[in-house]
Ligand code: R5P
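One chain is shown next in structure tokens, namely the form predicted on its own.
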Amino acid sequence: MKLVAGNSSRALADAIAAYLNLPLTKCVVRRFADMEVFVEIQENVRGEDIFVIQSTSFPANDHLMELLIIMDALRRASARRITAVLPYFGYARQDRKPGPRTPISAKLVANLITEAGADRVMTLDLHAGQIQGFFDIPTDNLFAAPVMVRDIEENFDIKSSIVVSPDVGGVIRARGLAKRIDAPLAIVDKRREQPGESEVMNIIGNVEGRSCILVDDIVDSGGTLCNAADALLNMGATDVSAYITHGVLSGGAVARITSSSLKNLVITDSIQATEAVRVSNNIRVMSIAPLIGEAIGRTADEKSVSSLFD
């Protein structure tokens, strides 16, 4: 087994390599003057089981091309099996046609990854579980819930807490986490007037006197979280924290969250944290390297991955 890292998730890849006690394969990923991507694998990988660790986060197109070209280089170097490990799967929010003459970009990206030479895909908390069906190769969708549960149990009084889904679409995810910690569930009913903006309409459930834990897969602009936190506090919640798997945090999201009524925002390192995130006083990053490392080790040994989440 060998690990190869692109430029988007280098710190996470180093942590995974440390967990597996396995050095990263020497690989050069650089740009020509016109920004074309060039890749050179500097070790023999013939007949090896290769895991390529690369989130397709900002800049999404550059990191996606890096992933595709790395896999093409490995395939041409006669790697036995190539597993694309995407801690964050970019384009996952484009998983259906929201209107006429619009693309299903998540399916296109799945096709590109398969054609580039991937024999298997491993990712974390897909925005929509059915994206697994976009691939015609084995696809493991890992869940950050076990890592979140441990952190919540260490930092919250479960008896006075309630898990909250920030929208109706995330109810299944929030209910699953609530069941793990044996806490009640509430739902924020919101109406989105246009992309990037949300308006909180109603709270389903009793949050009065409770510490609220918002749970979701992606935080982008942060508007939904901040609006939900305000609405929950207005309904009598004592404080509001959030556990989100992927901290996209585009534009002024970090400043918006830092100045919001959120007590804490906890994200994973599936997307490499910016300096603004690192210095924020209410954003904390927890590592999912042990989870992904364990899944990689089990895959290489042909052991069960799903038992990680039983």
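No experiment lies behind these values; they were computed from the predicted model shown. We number the residues from 1 along the sequence you see.
The discussion below concerns the form predicted in complex with this ligand, not included here.
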Just one stretch in 222-230, 137-145, 154-162, 179-187 has heavy atoms within 4.5 Å of this ligand in the model of the complex, so which one is it? 222-230
Using a 4.5 Å heavy atom cut-off, which residue among R93, R75, R120, K107 comes into contact with this ligand in the model of the complex? R93
Please identify the residue among I218, I203, A237, A116 with any heavy atom within 4.5 Å of this ligand in the model of the complex. I218
Is H127 close to this ligand in the model of the complex, meaning a heavy atom pair under 4.5 Å apart or at it? yes
